[in-house]
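Take a look at this one chain, the form predicted on its own, written out in structure tokens.
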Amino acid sequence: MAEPKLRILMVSDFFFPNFGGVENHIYYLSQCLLNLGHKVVVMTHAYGNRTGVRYMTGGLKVYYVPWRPFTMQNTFPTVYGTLPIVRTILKRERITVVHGHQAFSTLCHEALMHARTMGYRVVFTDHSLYGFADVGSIHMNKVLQFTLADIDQAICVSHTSKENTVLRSGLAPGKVFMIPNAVDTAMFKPADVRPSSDDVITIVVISRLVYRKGADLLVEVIPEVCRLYPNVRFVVGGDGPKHVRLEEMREKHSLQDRVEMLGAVPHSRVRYVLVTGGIFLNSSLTEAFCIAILEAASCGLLTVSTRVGGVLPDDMVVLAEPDPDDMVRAIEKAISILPSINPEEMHNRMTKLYSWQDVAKRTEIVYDRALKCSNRSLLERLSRFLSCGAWAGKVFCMVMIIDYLLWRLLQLLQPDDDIEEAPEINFCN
């Protein structure tokens, strides 16, 4: 069997069987990298009884490490608790590049820190936007500054996300690449028979029902649109803390026959929900790159979205400010131009614009850039952390020094040569 070009470890708290944009990104990117001749291994935390080593399509190897989620699918931050298992996986799989995903992920931050301590090349992909004023964002931005102070290369999924990440972390813009998400257009095809726009217009919403996704906006927008257009109905897929508010809105305005609540929708069923409508509504307050918009456009739906770094051409989307009145006006505009939309033509354009194969090839270039970066000594790395702030810089340096000493202690207790390398398994496609 031919030796893989690169051995890549993807690390994040967010992976299957959980569903979401980050999970899909890691899975599809990994599959395309496998097809390009690389070896890809995923490290995530345990999900229920899913723990240990599992194999997915194409021979994708997944380590479900025995850490349970603490909150919002994140593991409890231990700082040094993951060092032994991260070291073991890196040595067993002979990893050359460690690729962390999502600033929310505790496991990602810890794995990147340990990998840099051990001299591995690391790449980070940021999938979200954050503010600068609230307590949570200030805390997260400081953690991100710590992680990215010693990064080799970074990737953002939109130009808006790149600007946001550079401002939050102080990372040099030349180290940050913009590589958009993509969509599996073979899975998301338009319906054979297009829903008639002359009779009933169906507006589809598929999203986690949380504040950040604009669920509160939906509570105000949906009744007003239903009042203005008697022939409009809504299909809402997704679950979350704001589900109760939407149910209350439906009861208050007697919209049970015009607002259908589907609850959580498995990813395999998303396409079947999308093709029942003609318009897709995205009300996110912050979004670096909304994959759901791409899936809807690939199914031939016209999109109405808040201005969160629009990812579609102007003739495929109607943008609005995250304000109920402006969103209602955007929906009115979308309804007026809906008859001119050709779903098949939109699907064909999406096939050319957003391809996971293209994302994988561009990510390869980032890996090559990371491998060409010089290997810095501990003192050079500490100088980077000192620049993170008068007090924070000293704390970061102390954290890294302890991590370095623990790594050396592990090498004494269990030398690298004592860690058994994992055998290569050839999966026939």
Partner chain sequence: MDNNLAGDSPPPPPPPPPPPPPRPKWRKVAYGGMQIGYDDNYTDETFLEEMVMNANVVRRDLLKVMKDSISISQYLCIVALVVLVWFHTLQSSLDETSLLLLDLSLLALGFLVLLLTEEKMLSLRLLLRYVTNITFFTTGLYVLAPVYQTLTRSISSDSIWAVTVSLLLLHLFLHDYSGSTIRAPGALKSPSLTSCISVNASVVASVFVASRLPSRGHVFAVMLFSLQVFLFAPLVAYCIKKFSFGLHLGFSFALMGLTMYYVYALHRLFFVLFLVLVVVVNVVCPYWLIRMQEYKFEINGPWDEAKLCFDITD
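Positions refer to the first chain, counted from 1. Keep in mind it's a predicted model, so treat the numbers as computed, not measured.
Not on display, but discussed next: the form predicted in complex with its partner chain.
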Practice task
Flag residue 247 as yes or no: does it have a non-hydrogen atom within 4.5 angstroms of any non-hydrogen atom of its partner chain in the model of the complex?
Solution key: no
Exercise for the section: Flag residue 93 as yes or no: does it have a non-hydrogen atom within 4.5 angstroms of any non-hydrogen atom of its partner chain in the model of the complex? Expected result: no
Exercise for the section: Find out whether any non-hydrogen atom of residue 88 is located within 4.5 angstroms of its partner chain in the model of the complex, and reply yes or no. Expected result: no
Practice task
Consider residue 136 of the chain shown here, and say whether it contacts its partner chain in the model of the complex, taking contact as heavy atoms within 4.5 Å.
Solution key: no
Handout entry: Candidate from 164, 82, 282, 105 lying within 4.5 Å of its partner chain in the model of the complex - any heavy atom
Key = 164
Handout entry: Candidate from 223, 322, 190, 237 lying within 4.5 Å of its partner chain in the model of the complex - any heavy atom
Key = 322
Problem - Triple contact flag 180, 354 and 362 to its partner chain in the model of the complex, non-hydrogen atom at 4.5 angstroms - result: yes
Practice task
Would you point out which of 297-305, 226-234, 108-116, 311-319 contains residues with a non-hydrogen atom within 4.5 Å of its partner chain in the model of the complex?
Solution key: 311-319
Practice task
For the heavy atom contacts within 4.5 Å of its partner chain in the model of the complex, list the residues of 124-158 involved, in sequence order.
Solution key: 129, 130, 132
